[in-house]
Structures are given as structure tokens and as C-alpha cells.
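Next up: just one chain, as C-alpha cells, the form predicted on its own.
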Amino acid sequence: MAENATAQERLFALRAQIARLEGKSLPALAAAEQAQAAENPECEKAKIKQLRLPFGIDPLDVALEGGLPLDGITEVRTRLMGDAGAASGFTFALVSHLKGREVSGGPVLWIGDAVSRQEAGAPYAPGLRQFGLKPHEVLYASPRKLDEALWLAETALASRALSATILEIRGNLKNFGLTESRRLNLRTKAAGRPLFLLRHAGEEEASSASFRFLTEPAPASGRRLPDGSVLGGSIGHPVFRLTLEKSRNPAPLSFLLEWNPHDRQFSLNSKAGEIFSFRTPPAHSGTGLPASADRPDRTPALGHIMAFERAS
């Protein structure tokens, strides 16, 4: 009997330790936390608020339950590799917004896999200033293998020396599934640091990310002058077309978001012009031209005739 009791105590202690590592609580721990939250509701709200990064836009912050988690994973994906610039720009804007609020200090680590580097290139130092970041605030690493990239991301989160970590991958990799995503999420919970998963040309899949944004490019508005007027023919702040695919909302939420790098603030852009896409044809493509009547209907088959220069 004593051996059974000892074994049960060890099993209970092991379960408690696993629950703490996974960020979950056992019934006894959950009851204690609920009692503490009931006694100090303001402290509990303040704690939740500290772990969120709000956009400063009420409708969006309500959909995000207060903002992006500072101790979790936020995924930013694109359908095509051609939209990598928009997704990278939006991720840089998120990081700049994070540093502008002085939530946490330290540089930002960008981890890009070899395929993404070949397709989209590395972050451009002068271009970082266009998003409100200084080049020395962004560290870049390009591991050769996915295992090395995942190890580097976990180590960076565990160090707590970085304000944010960005993991850039291409597509839906076989060796990066729900298990690896859960392990990264546990690291973010333990360290209290955010991880932005940047997935180029990828499809929706199960992950531990709290929110997922589908990012597409959008035309920018004109540059505004100090008097509030718009300078015609100019290009203003970058605009992103975002679709909140993963959240607690019953349906995806689509909107245009403009980034102001000087103030490090986001704003809803409702006058960014017509959204264009290379995947959708124009509404009025013009009058179709009739087929030529004096041409063959198909390409002739290749023969054995060879062309020679004229002898005379």
C-alpha cells in the first residue's frame, strides 16, 4: 500500500510539472487562480493587458481580445511567394509597433530558412528605416536546415534577451507540424516573448498560433501634407490587405491597415483605392478581337526540312 501511495504521489507531481510546462493548470491550481482573480480583478486585468499588444484600433482590438499575445505565436502567411514583400513589411511593422510601445527591450532576431532567402532575399538595412526600425536593432540568421532554425528559435525565446523573434519559412514543411508548433508555443509562454511565424506561399494548417493573418499587398494612398490635404500623384504610407483567418470570430475579418513609420501607429485605411490582384481579371477587360482569317488554325508539325543559305 505504501508503495502504491508513493507511486501515486510521484505520478501526481509529474502531472503537475507537465501542466505547468504546458501552461495548463490542474483543478486545484485552477481553483486557486480563480479565487485569486476574484479577490483582485483589477490586478488580473492588468496582467492580461500587459501580455497583449493592441493596435490602437477598437474594432480590431476587440476581435483580437485586446491585441496580439506577447507570450504566444502570431502567424503571418501569404498565398504566393510574390506577396513576400507585403508579409515581411507587415511583420516589420508589428515589430516596430512593439518596440514603439517599449513593451520589452532588446533587439529583434529574424531567422530565415535557406529557401526563403533564395526566393525573397534578406532584410535590407536601409529599408528597415522605412518601417521605423534601426538596422542595429535587427539581427539576422540564415540556418541551412529547418532543425537548426527551430533550435535557434527555441534558444532565442528561452534567453529572454530579445524583444521578439521572427521565424521565416516557405510553404507547409513536413518537419514543421503541430508538434513543433506546440513546443515553440511552450517556449513563448515560459519566456513571455512573442514569436512571429512568417510563412510564405503556405496553406492554412493546424498550429498553436493564437492568430493568423493572410497578408496581401494593397495600393497606398497619397502622401498627406501638413495642412491635411493629399499630394496628388504621390505615394504615402504602406497599406496591407489583411484577413484575420484564425481567431475566435465565427467568420474571417478583412480590412485595410495603414502603417505610419514615424508615429509607429496603425490605422484603418478605407480610401486606399481599388484593391487589385494579379490573380483576378479586371471587371472590364475590353472588347475581344476576332481571330485572324488568313492564318493557319494550328501550329504546323515539325518536319525534316532544314534551312540552308542561298548559294547565289
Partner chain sequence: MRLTALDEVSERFGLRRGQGLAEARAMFPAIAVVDEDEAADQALIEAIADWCDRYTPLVALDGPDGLFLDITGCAHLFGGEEVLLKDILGRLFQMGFDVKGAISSSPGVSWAVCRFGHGGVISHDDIEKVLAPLPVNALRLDAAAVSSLHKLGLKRIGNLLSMPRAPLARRFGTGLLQRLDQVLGLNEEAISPRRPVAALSVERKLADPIQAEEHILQLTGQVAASLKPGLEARGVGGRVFELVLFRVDGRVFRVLVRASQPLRDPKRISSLFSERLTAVHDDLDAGFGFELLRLNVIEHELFKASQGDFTGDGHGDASFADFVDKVSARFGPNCLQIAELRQSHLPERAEDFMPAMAARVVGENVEEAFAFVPKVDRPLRLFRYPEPIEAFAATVPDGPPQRFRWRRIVHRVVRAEGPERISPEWWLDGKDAEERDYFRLESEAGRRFWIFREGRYKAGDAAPVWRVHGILA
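Please read all numbers here as calculations on a predicted model, not as lab measurements. Residue numbers count along the first chain shown, from 1.
What follows is about the form predicted in complex with the partner chain, which we do not show.
Between the options 202, 85, 177, 100, the residue in contact with the partner chain in the predicted bound form by a heavy atom within 4.5 angstroms is 85.
Looking at the partner chain in the predicted bound form, residues 120, 152 and 233 each place a heavy atom within 4.5 Å of it. Of the candidate stretches 68-76, 106-114, 207-215, 182-190, only 106-114 has residues with heavy atoms within 4.5 Å of the partner chain in the predicted bound form. Residue 225 falls outside the set of residues with a heavy atom inside 4.5 Å of the partner chain in the predicted bound form. Interface membership of residue 242, defined by any non-hydrogen atom within 4.5 Å of the partner chain in the predicted bound form, is ruled out. Although the partner is absent here, residue 96 lies well away from the partner chain in the predicted bound form, with no heavy atom inside 4.5 Å. The shortest heavy atom separation between residue 162 and the partner chain in the predicted bound form is within 4.5 Å.
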